[in-house]
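Encoded as structure tokens, the following chain is the form predicted alone, with no partner shown.
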């Protein structure tokens, strides 16, 4: 590419993921070899950009990190952080805020307590049926093996995932399985407790919590195996965790319960405790 040449679409950053896709399509075939490798990799892994580091994208594309940074600039961004922000913001907009959810429920006439109970029971029933139908037994067995062999199981779950993580901490304690709950109270992450021979069980749902992702990254950097409990398609976590368990929670009015997730978490805890006894 001649010095000073500006490729089509490289002046202004895309304002949406759809704009990003359109620009990728426009630039297809016009880029130097390494930048085209970046474009091809990103085009087939758009769902991972929000969670991937520059190094991970570079490794996936088979190029040096500097090529990824140049690709971002060609796409109109100042750097990778700005490009990644576009995808993270898209994730955060995926679900309406709670005020909107309540307003929608009222508008739909589902504001009566008994009606809400019936609707959430039905959503829970469908979620449990989906878990029984779609359970990946291979992944579950891998998770049980990994966690049962760990000296200490570290539990990470923030926001909507916190009830699951805290319940697991309670169950593991009652079962005599050493576990540490990373609750973030007072800003304390207990990250110094991540030691060789331990394992991390990370519970997070899209849009994923930054606290959980940071702990996953630190665990991986220290060589600890990571088991993720999340919602499908989970492709954004596949490169971060050794084993991924997915659970579909059927929502009502954009509210999701934790019926199926708690059931799977309890089964996982009991199976781990039983495996450690053998």
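Fair warning: this is a prediction, and the values are worked out from it, not measured in the lab. Think of the rigid core as the biggest set of C-alphas that the two forms share within 1.5 Å after superposition. Numbering follows the first chain given and starts at 1.
The same protein has a further form, the form predicted together with the DNA, not shown here; the description that follows concerns it.
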Within 4.5 Å of the DNA in the predicted complex, counting heavy atoms only, one of 141 to 149, 175 to 183, 72 to 80, 193 to 201 shows up; tell me which.
72 to 80
With a cut-off of 4.5 Å between heavy atoms, is residue 240 one of the residues that contacts the DNA in the predicted complex?
no
In the predicted complex, is there a heavy atom of the DNA that lies within 4.5 Å of any heavy atom of residue 220, even though the partner is absent here?
no
Taking any heavy atom pair closer than or equal to 4.5 Å as contact, tell me whether residue 32 reaches the DNA in the predicted complex.
yes
The DNA contact at residue 232 in the predicted complex, heavy atom, 4.5 Å
no
Note: exactly one of 213, 54, 224, 27 sits with a heavy atom within 4.5 Å of the DNA in the predicted complex, namely 54
Determine, after fitting the two forms on their core, whether residue 78 shows a C-alpha shift of 2 Å or more between the shown form and the other one.
yes
State yes or no: after fitting on the rigid core, is the Cα displacement of residue 59 between the shown form and the other one at least 2 Å?
yes
Residue 127 and residue 48, C-alpha gap in the predicted complex relative to this structure (3 Å or more)
closer
